[in-house]
Ligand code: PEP
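Consider the single chain below, provided in structure tokens and representing the form predicted alone.
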Amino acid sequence: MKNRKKMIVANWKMNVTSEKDAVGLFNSIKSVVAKLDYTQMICCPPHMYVNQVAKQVNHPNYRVGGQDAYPEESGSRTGETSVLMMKNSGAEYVILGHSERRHLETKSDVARKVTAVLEHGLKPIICIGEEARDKNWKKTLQQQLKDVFNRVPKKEPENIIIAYEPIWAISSDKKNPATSTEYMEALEVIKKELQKIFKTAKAVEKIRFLYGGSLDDKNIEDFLRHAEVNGFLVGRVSHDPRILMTMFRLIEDHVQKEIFAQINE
């Protein structure tokens, strides 16, 4: 699916603490994103600001997502936000299985959430990643995919997004980010396992693959130049407009050069 725009998923986590700041931050970015030719931004604010941020959406280059969602539509679930609530708030995407949440939920929980998100017409951004590059790291990725997709209907692969987010690369001090080579090694494992699960290469070709983990304007070029990547899941710098603008520019410049090279082949 080479005609797709590169995707930046901005996971704000708990770093925006008022509705005013959330709307202000989104509006400070969206005017630039609207002018981009090859990049789409998915903004994922805290749950309570999703609705207000979604009201600011008026261009296909940017959309809103949730940071998680409970699989049931309603019920006695104190403190939870259901998939239906997320949809009715204006979210079109939902991050699921993030490394910061996996210790709070079982593998079955993640699978149920993916199923519910798809059934409600939203797009799941499914995070997977190993804790260390040890002798079992490939098996870890394979098992995480099996745990999700063995329980999920094998349909609408074009609505599925897989974010490779190695836990060992997630660090606020940026001392150990993954490289494009390590990402490509993981992508090979992921695609082979998904082909077994979906039983067709065509389905896997429709799935979008992102990288996330200590990513910023300093190392994004390595992935753009040397990796097959459909976009990026950004956390630490996701609420920094200056860094985001630089990342958007680097993506736009890279894709323009790719197109120019193809024309002149």
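Since this is a predicted model, take the numbers as computed values, not measurements. In this text, residue numbers run from 1 along the sequence as written.
Beyond the structure shown, there is the form predicted together with ligand PEP, which is absent from this document and is the topic of what follows.
Engineer: Would you check, heavy atoms only and a 4.5 Å threshold, whether residue 113 touches ligand PEP in the model of the complex?
Structural biologist: It does not: once ligand PEP is placed as it appears in the model of the complex, residue 113 has no heavy atom within 4.5 Å of it.
Engineer: Can you tell me whether residue 214 touches ligand PEP? I mean in the model of the complex, with a 4.5 angstroms heavy atom cut-off.
Structural biologist: Contact check for residue 214: yes, within 4.5 Å of ligand PEP in the model of the complex.
Engineer: Consider residue 190 of the chain shown here, and say whether it contacts ligand PEP in the model of the complex, taking contact as heavy atoms within 4.5 Å.
Structural biologist: Although ligand PEP is absent here, residue 190 would stay clear of it in the model of the complex, with no heavy atoms inside 4.5 Å.
Engineer: Considering non-hydrogen atoms and a 4.5 Å limit, does ligand PEP approach residue 233 in the model of the complex?
Structural biologist: Flag for residue 233 set to yes.
Engineer: Answer with one of 169, 96, 148, 128: the residue that has a non-hydrogen atom within 4.5 Å of ligand PEP in the model of the complex.
Structural biologist: Checked against the cut-off, the match is 169.
Engineer: Since exactly one of 72, 109, 100, 158 fits, which has a heavy atom within 4.5 Å of ligand PEP in the model of the complex?
Structural biologist: None of the others qualify; the residue that does is 100.
Engineer: Heavy atoms within 4.5 Å of ligand PEP in the model of the complex: which stretch in 32-40, 199-207, 51-59, 233-241 meets that?
Structural biologist: Stretch with heavy atoms near the partner: 233-241.
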